[in-house]
Ligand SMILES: NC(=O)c1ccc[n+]([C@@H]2O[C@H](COP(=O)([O-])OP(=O)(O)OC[C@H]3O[C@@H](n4cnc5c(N)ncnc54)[C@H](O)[C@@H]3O)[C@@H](O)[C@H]2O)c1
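Next comes just one chain, in structure tokens: the form predicted alone.
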Amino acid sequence: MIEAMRLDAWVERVRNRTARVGVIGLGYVGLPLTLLFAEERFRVTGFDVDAAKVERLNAGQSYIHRIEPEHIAAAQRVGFEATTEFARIAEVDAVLICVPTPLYPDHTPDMSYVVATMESLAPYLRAGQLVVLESTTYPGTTEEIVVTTIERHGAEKGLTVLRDAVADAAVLDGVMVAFSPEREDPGNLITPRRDVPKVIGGVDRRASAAAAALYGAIFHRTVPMSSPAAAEMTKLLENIYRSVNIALVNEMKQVAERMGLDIWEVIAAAATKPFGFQAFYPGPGVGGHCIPVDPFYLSWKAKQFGMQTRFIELAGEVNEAMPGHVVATVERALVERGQTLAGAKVLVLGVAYKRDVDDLRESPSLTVIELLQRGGATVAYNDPFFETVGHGRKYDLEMRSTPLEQVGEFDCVVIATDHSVYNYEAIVREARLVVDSRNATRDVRSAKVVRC
């Protein structure tokens, strides 16, 4: 019988960089995390069900903006490789799960990616491994899905998830499980990833200690929590805080418009207050994986406890309505110029959900395009990060980016994403009409511009 590893020996493997790390899901969260570990000389195995991604990574190529091929090559020099073979989970000491957690159309959590991942990896787990869920989710997911799946698969071979109520709390005779939410901020060039504190909630003390040691090797600070559920709730609070404040300023923008006031001027003045105020900015809606999704995750879970999160749900509804507000502004501006939306040619600038990122997830720009099309407009787009836009969970567009040289051919240009590469002065000069949902033309004075 093989003697079980002890916690101090596991932590020592992390310290001397002999611990092997597995990252499941090599997207906007998993791939940057992989590179952080590789920079600290950890040997990382990346897992993904997308064979094309795996092939590109193993060929030294990148598919994410700001991650260059040389970053992949540097990781490969210290042992990084990608695979679709989940049987290789047995080779690693830590398994970090970074898969999507989207919403179904009725705003209920779609946990299919987490469930499928756990079903794929659980048969290959062994005692002494650490499993960490990083995907944003509702409180209770780690226990309800990760732990139960491991214990169900491990029942026949006697493999369990470690709990504190044991005789020797230093022996790793089971699987350690924790939750540690990703805190990625795509496009942020100011805050290094290492400087973002890593929240950790272990099922037991061994899992918390192991996760703190592992993440402490690549992050400057770890924040231990009392449980996975507390860590899960922390991530929701962070993102719901943003959702609510963005909804507030989106609503205030519409009020200011009716009053003939410039909300951007108002926000700038309010931001001079050195206490009690943090500036948030309006836009065509919210995008990315977290802000449009997380409020509904908590609302769904709260209902199981007899609670209705009216404030949170309202914020989500306000933000979801913003693409409609943009389209209404376009229609109104066209009518004022003697034209209808039906039959108009409209160019949407920017389809990414955020400035200077190559990320379409939950982008309000895509909704703006679809609403314009429903209104009878002929719609095109331009985005330097997306040559084409095809099919997604919530869109089916099949469009190709239109050159900016054709701006003057359109009846209206809608600024939906304020990429920094755009020359807004030139765009306004060439355009017939500009509807600006991002205040990107704030330094341009022209009667052609309508801000919304």
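Just count from 1 along the sequence shown to find any residue number. Here the structure is a predicted model, which is why all the values come from computation and not from measurement.
Separately, the form predicted together with the ligand exists; it is not shown, and the next lines address it.
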Even though the partner isn't displayed, in the predicted bound form is His419 close enough to the ligand, meaning a heavy atom within 4.5 Å?
no
Is Ile24 close enough to touch the ligand in the predicted bound form, meaning at least one heavy atom pair within 4.5 Å?
yes
So, Glu331 and the ligand: in the predicted bound form, are they within 4.5 Å at any heavy atom pair?
no
Can you tell me whether Val29 touches the ligand? I mean in the predicted bound form, with a 4.5 angstroms heavy atom cut-off.
yes
Quick one: find which of 48-56, 381-389, 33-41, 408-416 has residues within 4.5 Å of the ligand in the predicted bound form by heavy atom distance.
48-56
Would the ligand be touched by all three of Lys253, Leu298 and Pro364 in the predicted bound form, meaning a heavy atom each within 4.5 Å?
no
Looking at Cys290, Val132, Leu125, Ala352, which is the one with a non-hydrogen atom within 4.5 Å of the ligand in the predicted bound form?
Cys290
Which pick from Thr141, Asn319, Ser208, Thr117 sits with a heavy atom within 4.5 Å of the ligand in the predicted bound form?
Thr117
Contact check, 70-100 vs the ligand in the predicted bound form, heavy atom within 4.5 Å, ordered by sequence, gives Phe86, Cys98, Val99, Pro100
